[in-house]
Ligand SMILES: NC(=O)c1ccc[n+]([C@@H]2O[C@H](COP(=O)([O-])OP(=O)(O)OC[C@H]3O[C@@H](n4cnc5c(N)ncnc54)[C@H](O)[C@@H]3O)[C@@H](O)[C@H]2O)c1
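Here's a solo chain for you in structure tokens, the form predicted alone.
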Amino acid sequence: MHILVTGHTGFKGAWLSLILASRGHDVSGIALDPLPGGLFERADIASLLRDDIRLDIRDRAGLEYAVGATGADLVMHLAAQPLVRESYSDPRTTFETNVDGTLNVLEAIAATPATKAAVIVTTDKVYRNIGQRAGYVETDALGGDDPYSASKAMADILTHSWMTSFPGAPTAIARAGNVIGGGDVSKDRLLVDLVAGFEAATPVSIRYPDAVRPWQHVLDCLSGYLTLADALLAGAGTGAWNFGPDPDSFQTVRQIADAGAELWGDGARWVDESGGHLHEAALLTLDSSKAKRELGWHNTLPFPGGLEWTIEWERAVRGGADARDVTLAQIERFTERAGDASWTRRF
């Protein structure tokens, strides 16, 4: 199968591309240049790809040509401006990338007859956050206060409208929680900051220690996306789907920082620097009952498992191990631990 991943140079896109390529698929990617030192670069994922296309998804004509030229059977759209704080400093690029870019992707797919299905990835932050402790379900109202959340909610609504209004390749929306794992280098990510500080033996500043997030290892997240893609290719699965961890993995930033410091050892520590920061939601939770019930998907690495695997990856690679080998080993361990092959039926 030929699969096109937008945003393949990013953290989740790089993991996804490696999973797919390691299973014998032709993988093409459309994205901006990778961040230095991230998984895409460290694991030399470019060498595994059929097409490695550098393109801004805001380029409507260029994107339509590129998607059509790949002629992919399946499109998995992960490209985005994914950072809350960045959305405050550059709201226009955030809205243009996440909203107009998603529309461009949908139009390009519609103009590519070879494409049989599409998964459009948004986020758990699409929900109108009212501070409820019960996880948000797919039918809850969408919204967003910060520019990032608002832009992703708009992209989600746009995708729903597109699916409802225009016939074409079966399409679904995937919403996931706060994803962690080895090889992430994006700024303003908790684990990225923690690992960098721990390695440098400097205390890590934490902005929102009491914020609660649905922490999830990248492999659990991607197993959800692939399970959904599998359903689409089998003639089911359209609509919106949550892929978040079980409630035991809803942890505060403080709990993650404490557990991460303990796992790292060597005197790793962090400091509370809360107060006076830009608005970010204090509580985010997801309910993934629908995906469990209708797709047979489940989490394999609940807290603290995903955190342990993240620290293990960073320790190994920073200690000189080959990044691709370490990543592939974790992928295979995850597949074995998952206990069934439903998420890899076609992948």
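Fair warning: this is a prediction, and the values are worked out from it, not measured in the lab. Start at 1 with the first residue shown and count on from there.
The protein also exists as the form predicted together with the ligand; that form is not presented, and the subsequent description refers to it.
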Just to confirm, residue 50 within 4.5 Å of the ligand in the predicted complex by heavy atoms? no
I'd like to know if residue 283 sits close to the ligand in the predicted complex, meaning any non-hydrogen atom pair within 4.5 angstroms. no
Can you tell me whether residue 79 touches the ligand? I mean in the predicted complex, with a 4.5 angstroms heavy atom cut-off. yes
Within a 4.5 Å heavy atom cut-off, is residue 31 in contact with the ligand in the predicted complex? yes
Could you tell me which one of 159, 97, 115, 242 places a heavy atom within 4.5 Å of the ligand in the predicted complex? 97
Just one of 194, 231, 179, 72 has a heavy atom within 4.5 angstroms of the ligand in the predicted complex, so which one? 179
Which of 232-240, 262-270, 184-192, 245-253 lines the interface with the ligand in the predicted complex (heavy atom within 4.5 Å): 184-192
With the partner left out here, if you bring back the ligand in the predicted complex, are 217, 224 and 307 all within 4.5 Å of it by some heavy atom? no
Pick out the residues of 91-124 whose heavy atoms come within 4.5 Å of the ligand in the predicted complex. 97, 121, 122, 123
